[in-house]
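Only one chain is included here, represented as structure tokens and corresponding to the form predicted on its own.
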Amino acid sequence: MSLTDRLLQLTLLALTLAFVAPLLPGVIAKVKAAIAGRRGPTLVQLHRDLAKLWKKDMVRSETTSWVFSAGPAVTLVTTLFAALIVPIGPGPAPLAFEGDLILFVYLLALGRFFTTSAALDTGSAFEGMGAARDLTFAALAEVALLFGLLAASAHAGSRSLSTLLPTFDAATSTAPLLLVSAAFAIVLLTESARVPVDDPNTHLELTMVHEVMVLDHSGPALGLVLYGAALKLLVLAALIAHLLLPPLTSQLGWLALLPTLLGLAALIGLLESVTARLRLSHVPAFLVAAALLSGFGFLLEVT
């Protein structure tokens, strides 16, 4: 890849992270509103919300420490680094090396650790309850994610996300591809706090998971939380997109990737419109199913 192509790729990647990531929640909300017969918010509503939040002051409880302030910032930074490891666009990711798939899983776990630590730092029983639920679900989702990446690694003979993601061939690896894609879809819904695992629009603390953990955040800190969640949605959607699309070898691959990301967001909106969230006691079984799917995909590749 020439220097010009590399610079163009990095520019398109920066624009995608800055503008497309907040667009995905807007697509989800727009689809849900259309199915419900409502006009709904605009596609750029999150962009407007972020601009407003950056102009506001942040309110902090006197009982919180530096952990509460560091939580949203560290979570966003770890998600950004994860986005630099995943090949969101054509060609290799900006940070590509052998074993980066392990770092990718670790970065998501590190961001979750600081998110839950910030929630616990408030001393709120409700936020502590949400943190406990989130960590319980994440322990199962990480297994599904790791086994799915190991299945792709076994198929490609590589431990770098930049080389293992585009190598699944539906003609020769149909079963592993379908199993890993289904597992990643469940991980996407879990990590992004979407239905049927969580409901981002609920206001009942007893049933919230992610939203209850960020109740005390406001102003720029809340903006970091919202943008970080949208960015994680983009990163995980890119994982699935690279499994479904043929290898993207030129900059024209953005023309296929971006509609795929928006289409996945629309499918999430459709899913949330026709299904209800699971009872909390049933969510672990849902995630165990994802772990089994990716585990079977891994076994099919190594045998």
Partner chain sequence: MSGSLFSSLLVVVMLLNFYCIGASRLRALIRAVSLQGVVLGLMPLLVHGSATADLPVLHVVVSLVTALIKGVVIPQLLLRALRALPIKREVEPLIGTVPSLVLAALATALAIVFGQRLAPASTPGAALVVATALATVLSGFLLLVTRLKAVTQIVGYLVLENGVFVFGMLLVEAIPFFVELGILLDLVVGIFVMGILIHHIHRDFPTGQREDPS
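In this text, all values refer to a predicted model and were calculated from it rather than measured experimentally. Positions refer to the first chain, counted from 1.
In what follows, reference is made to the form predicted together with its partner chain, a form of this protein that is not presented.
Residues within 4.5 angstroms of its partner chain in the predicted complex, judged by any non-hydrogen atom, belong to 173-181 and to none of the other stretches in 123-131, 173-181, 136-144, 212-220.
Only one of the listed residues (L13, L287, L293, L24) places a non-hydrogen atom within 4.5 angstroms of its partner chain in the predicted complex, and that residue is L293. Using a 4.5 angstroms threshold between heavy atoms, T303 counts as touching its partner chain in the predicted complex. Although the partner is absent here, L299 lies within 4.5 Å of its partner chain in the predicted complex, judged by heavy atoms.
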